[in-house]
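Laid out below as structure tokens are two forms of one and the same protein chain, each shown alone and named structure 1 and structure 2.
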Structure 1
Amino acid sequence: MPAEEMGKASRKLRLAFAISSVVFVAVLAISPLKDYFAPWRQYKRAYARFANTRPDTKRLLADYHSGIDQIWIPELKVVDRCTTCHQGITQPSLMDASVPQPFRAHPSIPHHALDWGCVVCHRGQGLATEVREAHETTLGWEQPLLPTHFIQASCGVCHQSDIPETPQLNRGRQLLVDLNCFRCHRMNVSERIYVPPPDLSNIGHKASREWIYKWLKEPRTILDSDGNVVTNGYANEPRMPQFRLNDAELRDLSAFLSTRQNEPLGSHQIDPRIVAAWQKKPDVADQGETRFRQMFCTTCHAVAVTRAGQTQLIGGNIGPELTKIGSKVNEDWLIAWLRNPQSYFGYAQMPRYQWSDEDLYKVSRYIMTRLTDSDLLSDVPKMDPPTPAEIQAGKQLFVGKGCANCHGIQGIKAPKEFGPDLSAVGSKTVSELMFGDAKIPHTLVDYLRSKIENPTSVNTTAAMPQYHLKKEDVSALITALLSMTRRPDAPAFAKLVVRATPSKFQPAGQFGELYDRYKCYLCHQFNGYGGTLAPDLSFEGSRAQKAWVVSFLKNPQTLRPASTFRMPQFNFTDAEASTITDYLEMVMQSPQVNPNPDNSSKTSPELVALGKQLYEVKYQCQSCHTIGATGGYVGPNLSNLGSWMRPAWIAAWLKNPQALVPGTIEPRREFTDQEIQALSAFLMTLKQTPTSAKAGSAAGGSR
């Protein structure tokens, strides 16, 4: 090439350069246009137009600007741009359903949206400025928005204790304990009352091999000879799941369990003279049933009854359902259990009653002859005596199927980490889950639902047994599992976590022994610890008069006629009743109640008459409360209130019921001091005679 031609661009090169320049300029022109028409800018402009149609335009646009809005929470390592589109999220005037999304205000919650942002609760990608990237699962982001139905799960990330605003989460956490999920899986469960499954070290004393075979095959339903379901084996809380066991495995497991008799049953014989006096009486079972009902055993245990041709369960769900218990247990074991449950299970939750030999014989005869089913074991194959090979195979199955993780047997250790670690399951992405051949949407919520409802749907070799749960309980479990997330790796986050407050209440001394013996905490709460079946006794010393408490313990009375639960007849001795009453009076006091108010002793016939008029006419308290034979059944019966409650408690209650019992349905009225004094004076005159009180208590009672 000649020297003068060197460095000159060819015509083709100049043309290519020109075309590329035009394309480059076009791209530069498109970029600002694309940014101008970005969805988030369109939402902001639409909000401005919408705000200008409202009467409070100035307030709605006070903090408005045309750029991206951003909330930064360094403690949680959160950058949240959601309010860029959700402009009206904190505006009270935009709460109405007629306001279009995404401008509608967020419902009122304890946390301010501009302080906490949206992704802390709703999840999703806070950095995103596109709708799909912010809300859904994409190639670059696998944490979609949490469905609103499970939004309470986010509260559980910080709040480790139950809070009233999250009933579904609270229920799910309790189910994880009740269903023993934490025995196989590592997970975060707050401290709760936990009733462990039965220890099976001595199950051979209690049940036959045939019954064990039947229970293992189908623990939930008991069928009659025609295959019809008569009643549910554990109707209210089916804690025992159904394992997938073939006939050979059922034989081996039943052989192993039926030979578990590690400790002698012990001697709990009934006085032979009592047996001789009652065994030939034709009505012994009838009298046993009467005593069974007088002891209010159905407060804890359900029993199937047939009325108008329909069979239904009545009673509580604290203990097992007893409809066919006589076909399960042998009589020697039953007598030993009723005499002292803790001699069989050291941690048994059933109270130790003061049974007389006569009552014990009557009730045991009723159970063994009336609470039975002759067809119960009709479909169980013939069982020969267990062979050593069957026993050894059954022992291996007991460990391999996970039975040892829930049920203890002396000499057998439960394997550690039997199931997958679920302590951070709420943070798992879709790519971390194994869906197998399951025909379900590939989301974490659908995976958890499928796994709970049918474990083999996502894994045909799953060791997890089959649970039978209500839809609402499945949702509660999913909510609790979604709350278990990988917490931000930031030291400041520890300040945001609301730790579960230990609420264990373990009194010492003689009261502590009685408290544990009669399992008072199963029904009553003491300083935040215990059950909710019966009234909270944390302030009972400020509420009830000592003589009344002693009388009630000796013979429980009906205070809430509408309640289906009754306090059992424990047969307290005078010394036991006095010990319990003294402790309640001295320790269970409310700081809200002045034990010696200035007006506690001020009364007169005129004041009582004024109180009666206020009760019956002005405030119509009889709409909820009964006096004598008239009144409503919502609140307690007040017929004997003057012998029951302390004047100081009545005055404090009338002034502010919720201060004494948070959440009580008793309305707070604006009583004047004179009205409180008059009503207290009238209520303290309500005293039953001993005869009427005794008659009223015969029907049984509930606090």
Structure 2
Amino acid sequence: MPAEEMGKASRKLRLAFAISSVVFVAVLAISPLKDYFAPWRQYKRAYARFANTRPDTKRLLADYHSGIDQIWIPELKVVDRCTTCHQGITQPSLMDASVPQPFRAHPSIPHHALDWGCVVCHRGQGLATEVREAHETTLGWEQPLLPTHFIQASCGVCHQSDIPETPQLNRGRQLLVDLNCFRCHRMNVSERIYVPPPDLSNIGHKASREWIYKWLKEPRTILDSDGNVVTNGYANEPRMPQFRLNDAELRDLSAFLSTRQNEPLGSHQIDPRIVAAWQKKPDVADQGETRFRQMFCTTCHAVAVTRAGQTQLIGGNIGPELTKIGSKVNEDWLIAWLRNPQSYFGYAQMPRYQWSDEDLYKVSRYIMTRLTDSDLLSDVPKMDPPTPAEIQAGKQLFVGKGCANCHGIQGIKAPKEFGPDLSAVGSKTVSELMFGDAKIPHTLVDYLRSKIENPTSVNTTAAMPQYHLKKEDVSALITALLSMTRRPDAPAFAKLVVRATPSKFQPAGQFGELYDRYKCYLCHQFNGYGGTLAPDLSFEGSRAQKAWVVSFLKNPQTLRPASTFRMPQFNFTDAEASTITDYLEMVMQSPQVNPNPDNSSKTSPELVALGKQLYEVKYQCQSCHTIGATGGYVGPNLSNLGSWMRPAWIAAWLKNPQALVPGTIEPRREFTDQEIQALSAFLMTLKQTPTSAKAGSAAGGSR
């Protein structure tokens, strides 16, 4: 090969060498450059510059270095690098909203970030070092951040019993139970009072085929012009959802149900002399209405009242709403039910009242003639008597549509695992969800919202029925669902789970029978078990004087006329009243209150005068409490306190109210012992004859 050519070739070669090494160097340089320009480094430097503008620069930069920061907690398997960018989260001076993100301090919460990391609560990706990967769902990372509106879901992962700081989660958990979600879906629900939907083995006695048809089509009786359930802020949850049933299905189901008469109807005869005496009187329904109100049925049952064109439900939500009940039920059934609800189905939660035939007749006449709607069934097609084919088809639908999951009928078994397992729904990744044609963002939260608001939105053939829920209840449900996650696999987590403590209070003996009969626990708390509508009775024996309890049970009207919710008039017999009173006195005692005090009755005119002065001038208790005609409505009326409460209770209460009733709104004060004596002495002089009682309380005397 000629030298010339060789030189040419080597020049070419050298050129190639030069080019490739330039490329090589460039390629090598990209990586450090990329690293230098990595977003997290920009944040690091920006933080340093930001800190330099603050007065406490030194403290803000005390732990500063140029690399990646991370919180590492091996026991919890937490490796969170969030603090690489969120550098100020533990700096109290960076708390306020003028500090730009991502540098703002975390608000102070009971769990410190350095002990728990970030992802435990906020979810997202602790290991990611890019903004999008840390916060959102990406190809590589499935777990996005939890929107803060649902952050209480994370509290619920460990706190399986309710805590006051998480109202939205608590509400959601309550709804999962109340709305019977757990009857179709597998999930862990905490122990709470649950009233199962009625057993339908005898529904044929209760309602007509036409009414059943209507109810299955539109379960609510009170709808506004848009077809929404009118609740007006009253917590009247429509527990029966709407199923998408066509006319043939409605006919079959109503045929099947209206023929369910497993057992004969309970006693429904009213003394014919009473009927004869009252039948013709024009005001029998009016008198029935008066009794209905006096007995305080509305404490548990709401009735719609229309005033000035506005329909409002007035009353409680412990029992069903009754506005149109007269167009639903058969009068014989109604009488049998009122007399003995448990004869219709054993676990009925309605108390068994003591009725006179006269009252029973009047009230049932009121219900059958006034709580009605003549148009209710006007759009129900004419139906012939049920045929065996219809009944058979209805029976299959009853199981197939999921009715049997909530309602019992003798001889019918509910299918197991009817709905999908939701026990770890909070850990579902987006790729596990089917969005169908729904035009919604592809996130778990949006999926759940869409599914709850309209089950067919993500799956046109969904079996789940339609619930009508308020927006905030949908949020509450989403929160509760998101709290049900797969356990993080660190063993240390298992120790963190604070279990719900089931605590059923079930007294025995004579009192136990009355407790079951009158369902005291639906409204009152007993040692942590029971409803919250009425005062906690756990320490009633230490609080109230015996004679007062007896007279209250006999005539509960007089305590708080200002409230819509009052103790119903159960018409207790003397023997029942004394059984209840004795039990409360013997058993429902607070260890903080000495049952046999010797000095609390110590009193003198001077002490009383001092107490009065303390009450009116120094502490101005009248800002919340009423005596006679003057005072506030926050706490209970004290006009009759001297005949109501025990002196030892009053003294203990003044010392530390929260020790007796945790969470009571009465502020705890620092009274001296002498002040407590004087105040008790004064308060014990407050007495009133029952007829002049005029009481009122805005916050409820229960608190």
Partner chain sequence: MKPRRLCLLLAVLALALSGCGTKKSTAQPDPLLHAYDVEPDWSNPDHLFYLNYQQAQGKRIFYDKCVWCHADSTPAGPSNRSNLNPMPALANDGSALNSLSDDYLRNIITLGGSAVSKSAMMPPYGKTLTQDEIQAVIAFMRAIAQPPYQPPARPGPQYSTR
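Keep in mind that what you see is a predicted model, and the values were worked out from it rather than measured. Here, a residue number simply tells you its place in the sequence of structure 1, counted from 1. Note that the rigid core is defined as the largest set of C-alphas that superpose within 1.5 Å between two forms.
- Only structure 1 matches the form predicted alone.
- Here residue 85 counts as shifted, since its C-alpha moves by at least 2 Å between structures 1 and 2 after the core is aligned.
- In this overlay on the rigid core, residue 338 has a C-alpha that sits less than 2 Å away from its partner position between structures 1 and 2.
- Core-superposed comparison between structures 1 and 2: the Cα of residue 130 travels 2 Å or more.
- Taking the core as reference, the Cα of residue 309 moves 4.5 angstrom between structures 1 and 2.
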